[in-house]
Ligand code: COA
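Next up: a single chain in structure tokens, the form predicted alone.
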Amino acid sequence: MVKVMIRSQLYVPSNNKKMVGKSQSLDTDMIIFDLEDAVPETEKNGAREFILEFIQTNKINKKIAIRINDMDTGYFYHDIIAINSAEKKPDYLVVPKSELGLSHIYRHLGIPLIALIETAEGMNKLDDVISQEGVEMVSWAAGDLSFSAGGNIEGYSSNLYLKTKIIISARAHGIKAMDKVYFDLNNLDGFADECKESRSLGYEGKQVIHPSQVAIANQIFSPSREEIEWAKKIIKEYRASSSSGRGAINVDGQLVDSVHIRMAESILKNSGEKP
């Protein structure tokens, strides 16, 4: 079975009807209809009504999430009530400024949650936050987190410790981790470099804020042809040598043992190809 990959999650402002309509034709693996930061306060009620109606009346052939407003606002309760009343619900809810209390949202709505770590409190209690009932995915935001900690976006965007902490905790709790958004829309090379770093750490994909970033994220977070051929080769040679009782072999000058075989099997599972 081919693993369902979520390599790109595109944020779309729920008050922008043109962008909402266009998003259906894009190759993103998930659309996140945003009710929070991308929507001004004067348009939040109308955006909520529009996007829930859009989901009801359109056949959308990709995963759909809604980013609700955070729990410290009155808009949060209106979001929960409206989504609960909707006949057709999104596949996921993105919860901004995630801290404790997420399980109550899940128990009330029954919709899997994507925890968005954006506060010092959320980061400090990361393992408690993402181990709550209903949390199936985690991401983070450098802007809000840097503000919460009294720092600046640049310092937090490039903070390798935070990126590693989040992916390690996510893996330990058996959930997916998606890396944060990249703000510089004019620097696609920089975006690609950040995707490569994130994938090397174990992230499954990237949250994106512009259609120009989607194809890059999809490509980088997919197994390359070189990776697939490498995986096939070492599995073949490892199997051939296993009858001799050797636990490790030399392939093209590189030591290959059981952990490399597990990595190779994972690559082929994600690509849908056989050894």
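Residue positions are given as counts along the sequence shown, with the first one as 1. These figures come from a predicted structure and were not determined experimentally.
As for the form predicted in complex with this ligand, it is not shown, yet the points below apply to it.
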Notebook entry, point to check: With the cut-off set at 4.5 Å between non-hydrogen atoms, does A215 touch this ligand in the model of the complex?
Noted result: no
Q.
Can you tell me whether L100 touches this ligand? I mean in the model of the complex, with a 4.5 angstroms heavy atom cut-off.
A. no
Contact between A149 and this ligand in the model of the complex at 4.5 Å, heavy atoms? no
Worksheet item: Does the 4.5 Å heavy atom contact test between R48 and this ligand in the model of the complex come out positive?
Response: no
Among 101 to 109, 79 to 87, 178 to 186, 197 to 205, the stretch whose residues bring a heavy atom within 4.5 Å of this ligand in the model of the complex is 178 to 186
Picking from I228, I55, A38, I235, the single residue whose non-hydrogen atoms come within 4.5 angstroms of this ligand in the model of the complex is A38
**OP:** Verify the flagged residues L26, R67 and H210 against this ligand in the model of the complex: is each one within 4.5 Å by a non-hydrogen atom?
**Re:** yes
Of the residues spanning 87 to 125, the ones with some heavy atom within 4.5 Å of this ligand in the model of the complex are none
